[in-house]
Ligand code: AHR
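The chain below stands alone and is given in structure tokens; this is the form predicted alone.
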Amino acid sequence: MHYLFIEPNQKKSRIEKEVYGNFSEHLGRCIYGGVYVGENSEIPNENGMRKDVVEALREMKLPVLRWPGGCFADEYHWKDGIGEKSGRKKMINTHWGGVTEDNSFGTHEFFELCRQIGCEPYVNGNVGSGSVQEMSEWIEYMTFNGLSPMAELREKNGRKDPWDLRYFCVGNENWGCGGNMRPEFYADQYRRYETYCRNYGDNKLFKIACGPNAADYEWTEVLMKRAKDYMDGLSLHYYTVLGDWAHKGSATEFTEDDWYGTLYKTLAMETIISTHDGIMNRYDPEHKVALVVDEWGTWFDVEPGTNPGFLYQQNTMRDALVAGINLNIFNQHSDRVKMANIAQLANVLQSVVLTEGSKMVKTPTYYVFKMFARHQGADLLASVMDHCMVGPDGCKVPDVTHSASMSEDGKVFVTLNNLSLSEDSEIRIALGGRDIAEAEGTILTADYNAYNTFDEPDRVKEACFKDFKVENGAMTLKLPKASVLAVTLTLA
């Protein structure tokens, strides 16, 4: 029996809804065919956006969407993606597959997609191959309400009023595909570029600097030392890669050892965030600068027979556990982590939906995000739980991970992951000084390598959870092996 103690009177920090964000890049079939099919497509759409995908994302309560990259952001020139589509400049997507990018999905289309979903836009600017002027003019084009060349150009292209844009990142992975820069050089470049990313009218930008790759703690040290007063957020990228970058392993054909090895690699996120947070605390003890984990998730070998540059992979219960583990970690660090964006939205890496022609399927990861959505905007609660270590030597992981929050209606929301492949877990939940009156829950569980296909779209999906008892003010439940659970507790 495990014991989970939650203190409903000890609220720690707000879990911002943006922690449950996503990432869309001009990569493979994420944009084209994934969310955008064009106005003339036979696939049901509104202004070119797939109705089935938009509906699924609204149901998932997607709060924020990052675009246009990724590595693509630092070769993207925004003026190529505005105006009449027949006249838009075509280019070769040199990062991803060497395919032709026709720029039919650009700034106007992205904001239209966000409008339909009901989510905040998060735009990534071009530092690697772009200019200060180009970035400054893009901000003006998107947000200025008045007489100016860019506002006139926007109106000429069919949009008189500016858009609301809060989140803007100056560059992407500038330590790598965004220019192979040293942290000292990028810190100076960031300070230069962000100076010209101006606030117009009531639109106030939340400016995000390109942060470290995984455990590159020197990058964080330099950026915080040289540029902390010029930023609102610092990005972090960390992918769960089972093998090495040349041989990452199959997304669907894996052993039990691979299962534990993947979850072990995922749990490194806790150490990575804690260490970067420690560095940031030295320069920013008041937590004015947010940590923004705007790329995370699993990265496996592409599905056989698909374009290697499209990064298309399937999505199993293993991915669902990866999502649940990471989201609980972000919740537990909500005093510093204010946004996170899983990679990616559709048909790329650990996506929440897959599409093929007119068909769409929700992945196990989709259901985890949907189940965890009640954490959005809630207050993290102090909690403690015992656990056992499971798995092979060298890859042992805790059998259960969790987080707990309280929403404005006073209900307590708990999310639990059982990482064990062999043992169900008995858990008793008690609240300090309060009784549980009633409970309800949803669960995601299936064979550890199960996934949804276009022929079997509902093989893995959330279900009502009833294997619990509420007695004497506490809750006892049985958490099946390899499962993700969300329970809502009503207090007496």
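Keep in mind that this is a model prediction, so the values were computed, not measured. Residues carry their position along the shown sequence, with the first being 1.
Keep in mind that the form predicted in complex with the named molecule is not shown, yet the notes after this line are about it.
Visitor: Find the only residue in 310, 200, 239, 217 having a heavy atom within 4.5 Å of the named molecule in the predicted complex.
Guide: Going through each option in turn, the one that passes is 239.
Visitor: Heavy atom within 4.5 Å of the named molecule in the predicted complex: which of 323, 349, 113, 293 fits that? Just give me the one.
Guide: Of 323, 349, 113, 293, the residue with a heavy atom within 4.5 Å of the named molecule in the predicted complex is 349.
Visitor: Might residue 23 be said to contact the named molecule in the predicted complex, defining contact as any heavy atom within 4.5 Å?
Guide: Within the cut-off, so yes.
Visitor: Taking heavy atoms only, is residue 163 within 4.5 angstroms of the named molecule in the predicted complex?
Guide: Result no; residue 163 lies far from the named molecule in the predicted complex.
Visitor: Given that the named molecule is not shown alongside this chain, does residue 235 nevertheless sit within 4.5 Å of it in the predicted complex, heavy atom to heavy atom?
Guide: Answer no; every heavy atom of residue 235 is more than 4.5 Å from the named molecule in the predicted complex.
Visitor: Would you please decide whether residue 254 lies within 4.5 angstroms of the named molecule in the predicted complex, comparing each non-hydrogen atom pair?
Guide: No - in the predicted complex, heavy atoms of residue 254 and the named molecule never come within 4.5 Å of each other.
Visitor: Which one, 179 to 187, 267 to 275, 336 to 344, 397 to 405, holds residues whose non-hydrogen atoms are within 4.5 Å of the named molecule in the predicted complex?
Guide: Looking at the other structure, the answer is 336 to 344.
Visitor: Do any residues of 170 to 199 have a non-hydrogen atom within 4.5 angstroms of the named molecule in the predicted complex? If so, which ones, in sequence order?
Guide: 172, 173, in sequence order.
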